[in-house]
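Single chain ahead, written as structure tokens, the form predicted on its own.
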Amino acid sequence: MEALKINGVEKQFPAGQLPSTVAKLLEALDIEGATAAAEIDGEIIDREKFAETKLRNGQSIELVRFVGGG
């Protein structure tokens, strides 16, 4: 098993199925990348770099989604 800590909660992935990038993680979680902000191990990731930012087992990720409303 591999795991990522997402917003303080550990999420397990079967071996070899850890999302390879931030963009793939957002896709797996059904989150639109254009409405999200991501921080990995304390470092904010530019939205333009979601597709190229690699993920590793054990990383801590904070995700924030922006929603419109009133």
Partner chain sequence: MDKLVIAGKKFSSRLLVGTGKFASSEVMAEALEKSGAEIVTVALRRVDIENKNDDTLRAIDVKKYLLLPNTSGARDAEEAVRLAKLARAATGINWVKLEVTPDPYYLLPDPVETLKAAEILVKDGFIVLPYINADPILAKKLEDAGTATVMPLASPIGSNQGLKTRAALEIIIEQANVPVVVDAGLGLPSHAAEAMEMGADAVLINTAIATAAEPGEMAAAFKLAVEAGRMAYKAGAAAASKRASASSPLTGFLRNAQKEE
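Positions refer to the first chain, counted from 1. Since the structure is predicted, the reported quantities are computational estimates derived from the model, not experimental observations.
Below: the form predicted in complex with the partner chain, not depicted.
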Check: For residue 3, is any heavy atom within 4.5 Å of the partner chain in the predicted bound form, or not?
Finding: no
Next item on the list: May I ask you to state whether residue 24 is within 4.5 Å of the partner chain in the predicted bound form, using heavy atom distances?
Entry: no
Notebook entry, point to check: For 1-18: residues with a non-hydrogen atom within 4.5 angstroms of the partner chain in the predicted bound form?
Noted result: 6, 7, 8
